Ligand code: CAO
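The chain below stands alone and is given in structure tokens; this is the form predicted on its own.
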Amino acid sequence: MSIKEIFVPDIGSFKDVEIIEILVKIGDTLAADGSIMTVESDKAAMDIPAPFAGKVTELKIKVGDKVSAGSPMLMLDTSGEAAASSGAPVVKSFTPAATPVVANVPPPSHPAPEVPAHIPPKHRPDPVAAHAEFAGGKPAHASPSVRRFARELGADLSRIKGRGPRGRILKEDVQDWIKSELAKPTGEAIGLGFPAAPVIDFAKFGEIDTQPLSRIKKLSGANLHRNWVSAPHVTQFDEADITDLEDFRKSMLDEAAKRGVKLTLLAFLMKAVVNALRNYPSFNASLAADGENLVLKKYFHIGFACDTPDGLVVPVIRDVNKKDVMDIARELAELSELARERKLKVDAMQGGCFTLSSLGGIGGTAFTPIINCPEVAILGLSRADWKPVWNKASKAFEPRLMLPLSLSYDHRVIDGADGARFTSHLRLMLSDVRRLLL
């Protein structure tokens, strides 16, 4: 057995460069000039090759270490049996045989050793390069710059087929692979790894009937799936005391009827939401496409989920901050009617800042609404119910009409504390109708 300590060779003017990847482990066999590790400076990344063929017996490095020329890397068994087990020809040291490797690390000012001229061109090692492994173990090649590019994009080199010479992976190959992953329609897209849904013949279990999805359900289904997967949802639950608000709404019904308006609770909720959006601007925003900026909106266009025979649509009422509850109630009725008659124009469903989804007329105590991206939040409303609430002043329980609130928000933009503050602000607005006039 012949054990030799291997040092970092001459790497030019680079000093204290960081190890970003170790390409071998104890027990691996290395061919001469096989890559040991990848180091990265502020200018470039490079692979450090082995000067001999042999078997790795000890590692003296780890990811994150800083190394320079002469730093110890590993111990290598260069005996004939160990080298032969690698399946690669043993290439002797490019230093004189009598000179121990440990003692003769050339200083950085010396030129790096050249590849011996007697090696035929077809056996010459590739230039210092990154080596990824396919699942089957077949080596694929990529330059350090391509390896770095792939790391920045989160691309898996082992899944990319190179189109360069001898299967080398090019930058264009990485770009094309990323595009193909993003174009996948389901959870097979990059980073998700969902298996394809199995195709099942349900008829073999009993009688079935197949009905096509409506166009609206097809479109909204794709959007809902994208929104649910792309935005990390958190849902904040709360309750608002709307006893006084509901009494006020009922007292205004006759006046509203004279003006041809059906005054619903939703109109008041829209005014309350605008008040909350003004106090918490991050809810009236959208995340920029680059993911690095937040677009804060100075307008207040509020969408509302509308149930139609063909599926869910979301009309938008513009400039809610400039309208009173009667005007809002009128537009709610008009847009709902157009939606049910399939006469809603496309621009009437665009430009929303925030969405309300009310299931109060149907039932339920709470639910988790899906954000209508690129908005960052949506408020779900369930059925209001009478509950006993403790009154500190009278020291007794009183019946109060409580409205369940379900606020879903994009956690990339909104923290949990702000989510709780937003619903608390809404509770305050809805508990005292006078506040909505401020």
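What you see is a predicted model; the values in this text were computed from it and never measured. One rule holds for the numbers: they count along the sequence shown, beginning at 1.
Beyond what is shown, the protein has a form predicted in complex with the ligand; the following relates to that form.
Interface residue among L287, V316, C306, L170, judged by heavy atoms within 4.5 Å of the ligand in the predicted bound form: C306. Of the candidates L359, V261, I160, I216, L359 is the one whose heavy atoms come within 4.5 Å of the ligand in the predicted bound form; the others do not.
By the criterion of a heavy atom within 4.5 Å, F367 is counted among the residues contacting the ligand in the predicted bound form. At the 4.5 Å threshold, heavy atoms of A384 reach the ligand in the predicted bound form. Of the heavy atoms in K322, none are within 4.5 Å of the ligand in the predicted bound form. The ligand in the predicted bound form comes within 4.5 Å of no heavy atom belonging to N275. Taken together, L266, R340 and L403 are fully in contact with the ligand in the predicted bound form: each brings a heavy atom within 4.5 Å. Contact with the ligand in the predicted bound form, judged as any non-hydrogen atom within 4.5 angstroms, is confined among 150-158, 307-315, 71-79, 288-296 to 307-315.
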